[in-house]
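Presented as structure tokens, the chain that follows is alone, the form predicted on its own.
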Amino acid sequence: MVGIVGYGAKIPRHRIKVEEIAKTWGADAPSYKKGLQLTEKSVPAPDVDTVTLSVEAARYALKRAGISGTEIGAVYVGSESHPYAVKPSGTIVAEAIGAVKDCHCADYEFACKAGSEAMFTCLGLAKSGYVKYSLAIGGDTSQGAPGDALEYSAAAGSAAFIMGAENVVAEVLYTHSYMSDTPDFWRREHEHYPQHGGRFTGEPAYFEHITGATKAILQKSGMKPQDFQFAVFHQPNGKFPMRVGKMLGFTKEQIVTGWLVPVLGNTYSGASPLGLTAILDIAKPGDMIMMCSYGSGAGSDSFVWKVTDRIKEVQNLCPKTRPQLDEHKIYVDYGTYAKFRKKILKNK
């Protein structure tokens, strides 16, 4: 049995409402709320970045796994907002959690599926026996240019998973990946904000790859949508995951538990992994979970998870995802948000 041994999530406390962003740019807030099905999003404070979020999520994962950082043999951080262009995030996270110096580290990038990339690699290490425990992280402090449609959704959060073959809380039964060269979204070197192909990001990009990966894994496993208690798809906005789920035969009831985006925003590499943590927080032994990520450029990774009896032992050991999302929120105005995200800088 190979799969998730421990998991954790970290979401910043600060939030900004869609109306606040729309008011600044003279936009129609109701159209964004209805069209994107978003009401607010998380905002990282000035001292919060992908690494700080990832360290906290990793510490929760270690606690649920019941192991120390010294037992981690590999650390992979998937993100498109690594704090450094040339300096790994993985080594910072590894040292912060107490991993030994002969731990293997790497940073992953593949737009919003960098986190599931890291998960895929760590599962392979566990299955091969090459590493006893490995840590996969998907996290971002996402970027959106001022006034751009992305600014309404680009959010922050991180999810961490320890993979192994002992004391598994969710066994991986199948994986599948689906890729193509579809340039729907990109950010060139030295550019601060990404660009996107507008409507092109939908049918030939997101929907093509999510449906491709999910149909393939269903065929590979011999399973049907009704065999799953839960499903989580990449959530760039509130509309897309619900629509693609319906296209594939999944119900709203199966999707809603991991559907965090309406009040979280798009956490990019953390989007579907964070949805998975919210599902694991309430899952019961024997529950089946479908997960499918999406990353522009473009590709999807799909996973079939089966929850084990051990899940009940770990769920309450650390802060759960939904309470982090729904409680102790601090709302900011656009000026504070712009200062936090360094969209405005003081003269030096």
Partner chain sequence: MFPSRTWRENPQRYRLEAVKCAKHNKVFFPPRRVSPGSLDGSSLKPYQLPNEGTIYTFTTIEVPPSQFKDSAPYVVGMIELTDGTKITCQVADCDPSTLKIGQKVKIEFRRVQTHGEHGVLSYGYKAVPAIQGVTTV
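Positions refer to the first chain, counted from 1. Just so it is clear, the model here is predicted, and its values are computed rather than measured.
Another form, the form predicted together with its partner chain, is not on view; read the next lines as being about it.
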Is S296 near its partner chain? Define near as a heavy atom within 4.5 Å, in the predicted complex. no
Is there a heavy atom of Y84 no more than 4.5 Å from a heavy atom of its partner chain in the predicted complex? yes
M247: touches its partner chain in the predicted complex, heavy atom cutoff 4.5 angstroms: no
Check whether I311 has any heavy atom within 4.5 Å of a heavy atom of its partner chain in the predicted complex, and answer yes or no. no
Check, residue by residue, if P46, D49 and I92 all come within 4.5 Å of its partner chain in the predicted complex, counting heavy atoms only. yes
Let me know the one among C318, L62, V304, V55 whose heavy atoms come within 4.5 Å of its partner chain in the predicted complex, would you? V55
In the predicted complex, the residue from M223, L150, C105, A96 with a non-hydrogen atom within 4.5 Å of its partner chain is A96
In the predicted complex: members of 1 to 34 within 4.5 Å of its partner chain, any heavy atom: K10, R13, H14
